[in-house]
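Below, in structure tokens: the form predicted alone, a single chain.
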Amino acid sequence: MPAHDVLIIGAGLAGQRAALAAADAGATVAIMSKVHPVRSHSVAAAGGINAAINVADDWRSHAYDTVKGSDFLGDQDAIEIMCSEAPKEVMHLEHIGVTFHRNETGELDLRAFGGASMKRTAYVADITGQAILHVLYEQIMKYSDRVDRYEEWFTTSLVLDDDGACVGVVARDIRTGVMETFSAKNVILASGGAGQCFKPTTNGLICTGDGIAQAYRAGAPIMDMEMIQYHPTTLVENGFLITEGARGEGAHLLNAAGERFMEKYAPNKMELASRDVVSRAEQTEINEGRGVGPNGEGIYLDITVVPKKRTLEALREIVNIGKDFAGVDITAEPIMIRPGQHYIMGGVKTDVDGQVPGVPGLYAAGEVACVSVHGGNRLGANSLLDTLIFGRRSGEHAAARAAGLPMPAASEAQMRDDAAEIASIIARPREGRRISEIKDELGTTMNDNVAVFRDEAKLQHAHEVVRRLKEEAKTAYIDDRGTVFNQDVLGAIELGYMLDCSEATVVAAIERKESRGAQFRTDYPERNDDEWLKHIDISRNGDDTPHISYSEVTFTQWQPEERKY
């Protein structure tokens, strides 16, 4: 049985940063991913990474902007750690080979991003996530004698001992179908978010909430699940992301009358207000009949106001996306966009070292986690920072914890259960619904009812649909009955993860009877600090229904105030 001090599930930025940190601390490390590491969803992060690098900037300003952006739901101790450690982390990235854009004086160039009080976003054109991911993978190669890699292995369950500690995982080799139990003194979940619960989404097909659901099923609390970010600029045609970097470079948002409507909603920050504010403004324009396009479902993003040379230099990827997927030359004409699902602020509850409360030996970092640096709304370019800071801290802490522990012997009972479950999925008669049909209905239902604007009736309807789909998923059939690269059976398992995540999101959104950050309830349109300035925690408690509890928001130096941009 393979055994490691630190076993990391997911090989995006959080996972690779955790692996490198744990290896540097002397631990035996392995990293496991259901795709090749450089195909992890971190590759899609475009616009940049925030850090108070400018000599005129201060990490406290970055932290305040983040607290304000979170609509005061973010935990300020975690935010202070993230923002104060950001400059050193960005310098580290540059020193190991990330080719950040430089200005005419040779210094790191910084671009404006939404909700920020000054330019503090370091970037590599509009492929920043890809650039960092490839450099970290080069480092993983360099550490090949200290970091084992299990590429294209699919984790099916966490393994707990009799005391409730996490002592390993069960995983399936996608290439062969072989199941195996892995022992580990510590497991770090770094397997990304749950964007595929929605359709459309900017997220890759691999973002199916695996780690959130696995931790939830193991008894860990998940937090802030109602906070779903709709990005202001996604293609109307297919939901593809158009980077916030476009607005950072000066692009305008226009309604059908050609008006820069953000003057009404955020007169000071205009298009660079926080994402929740801009998305609500766009959706209001669309709902009130001022949208553009054949059905009035879109808004124009006018990038022609940015000098063409600068667009071709700094936004070259969305130039290609515009041409290839919308038939639009963004240097010559506006492109039609609308708000689209992009990110989940919630996830597995952790402390500032990535530890999951109540499950010793289990850590989480990146989008799968909720250390609550984003609260009700994440600022653009803070997600890459979150992955790296808390990925590193998780790796360091897990390595230190491993030093004082004997290697556990994980039971193989869970592997037998998972193998039996997979066999039963493969053996299902072709009588129920297809997995893809259920996934499609789930995504459409979530996008129609749990999006920018919500109300009790829509949320209750969504919950009823999710509960019905959970029943239907039990008999849904697959076509592929083989063992080699059987993506069908993985899709059936992923569907279960997505249904768990979706139910947690809907239940938390029903519970929070106020409007804060990304949660805007038309039946409770005001923020209510007296009753709802607290986190909503969801746990399973041994059955299939979510149990709700609350936890306090951590304040250090910024008290709640009215949020204006």
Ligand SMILES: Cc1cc2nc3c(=O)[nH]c(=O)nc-3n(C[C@H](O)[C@H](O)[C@H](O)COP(=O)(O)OP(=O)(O)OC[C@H]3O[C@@H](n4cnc5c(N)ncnc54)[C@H](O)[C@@H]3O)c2cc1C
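In case it trips you up, residue 1 is the first one in the sequence shown, and so on. What you see is a predicted model; the values in this text were computed from it and never measured.
There is another form of the same protein, the form predicted together with this ligand; it is not shown, and what comes next is about it.
In the predicted bound form, no heavy atom of R247 sits within 4.5 Å of this ligand. When this ligand is considered in the predicted bound form, L241 lines it closely, a heavy atom lying within 4.5 Å.
Though the partner is left out of this view, S40 does reach within 4.5 Å of this ligand in the predicted bound form, counting heavy atoms only.
The closest non-hydrogen atom of S33 lies within 4.5 Å of this ligand in the predicted bound form. Checking M82, L384, L362, I222 for any heavy atom within 4.5 Å of this ligand in the predicted bound form turns up a single hit: L384.
For the residues A45, A27, I538, A51, the 4.5 Å heavy atom test against this ligand in the predicted bound form is passed only by A45. Of the candidate stretches 438 to 446, 296 to 304, 373 to 381, 418 to 426, only 373 to 381 contains residues with a heavy atom within 4.5 Å of this ligand in the predicted bound form. Contact residues in stretch 208 to 239 (any heavy atom within 4.5 Å of this ligand, taken in the predicted bound form) are D210, Q214.
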